[in-house]
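What follows is one chain in structure tokens, specifically the form predicted alone.
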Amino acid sequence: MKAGYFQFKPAFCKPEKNIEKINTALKDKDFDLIVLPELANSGYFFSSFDEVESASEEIPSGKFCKALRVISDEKNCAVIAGICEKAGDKYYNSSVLIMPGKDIITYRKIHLFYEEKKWFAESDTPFSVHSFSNKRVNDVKIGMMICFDWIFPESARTLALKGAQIICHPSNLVLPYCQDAMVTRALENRVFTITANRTGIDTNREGKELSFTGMSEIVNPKGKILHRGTIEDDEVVILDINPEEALDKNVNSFNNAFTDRKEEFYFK
């Protein structure tokens, strides 16, 4: 399976420009699965609901979703992207999974970070896993989580227990810990993880500044970093991976990461 990410700096409140950038970066690439950053249509550092409104769109009718649908259909691939979603009078920090011939699947971020709580509504979607097939791969199980979800081990564990072989992780990371932590998330759950982060520095209208860490990465079920990106550069990285590796939950001949769990001793 050819799977990877596109790391870039989204233009703030300019969805059309971000669509153009994505199309240009991916047009000559061959892949089965591509992951884009969190809020890839809108940029991140809002300072008013007017800004959120101007950059948001409804799913599946918005222009960003339609553009990603074209990529998915033309390349017969799965596309996962963070999106600033409008739903009625609410806004969500969401991620979409777009596959050829299927309805768009939406996950709304469960663990909102920092000032996201000012703009985005609480999630009403659980962690879920979905099957993807094309001419090269069959019934690969994909799960989504978004950025700060990483700090809660239950996020990745829930997806893995539901059968995810690949956890796709659109992100706008500013804390310095996640890339190393995702090695553990992959290892403890014996899954592939693809973290698609953004780059650059954003300054909002209030003069506050956020610096994003880049270093998007792909990690295998044994916790090996297959690729870690740069801090500053736009880059498309696509690797050949074997999702069946994530079906083997054995740590050694005596221990299994799932069957050895002792739920009766865990805090509830």
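Everything quoted here is computed from the prediction, not taken from an experiment. Don't overthink the numbering: it's just position in the shown sequence, from 1.
Keep in mind that the form predicted together with another copy of the chain is not shown, yet the notes after this line are about it.
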Another copy of the chain contact at Ser123 in the predicted complex, heavy atom, 4.5 Å: yes
Asn256, heavy atom within 4.5 angstroms of another copy of the chain in the predicted complex: yes
4.5 Å heavy atom contact, Asn252 and another copy of the chain in the predicted complex: yes
Contact flag, Ser133 vs another copy of the chain in the predicted complex, heavy atom cut 4.5 Å: no
Partner-proximal stretch of 194-202, 134-142, 111-119, 97-105 relative to another copy of the chain in the predicted complex, 4.5 angstroms, heavy atom: 111-119
In the predicted complex: members of 184-204 within 4.5 Å of another copy of the chain, any heavy atom: Thr184, Arg185, Leu187, Glu188
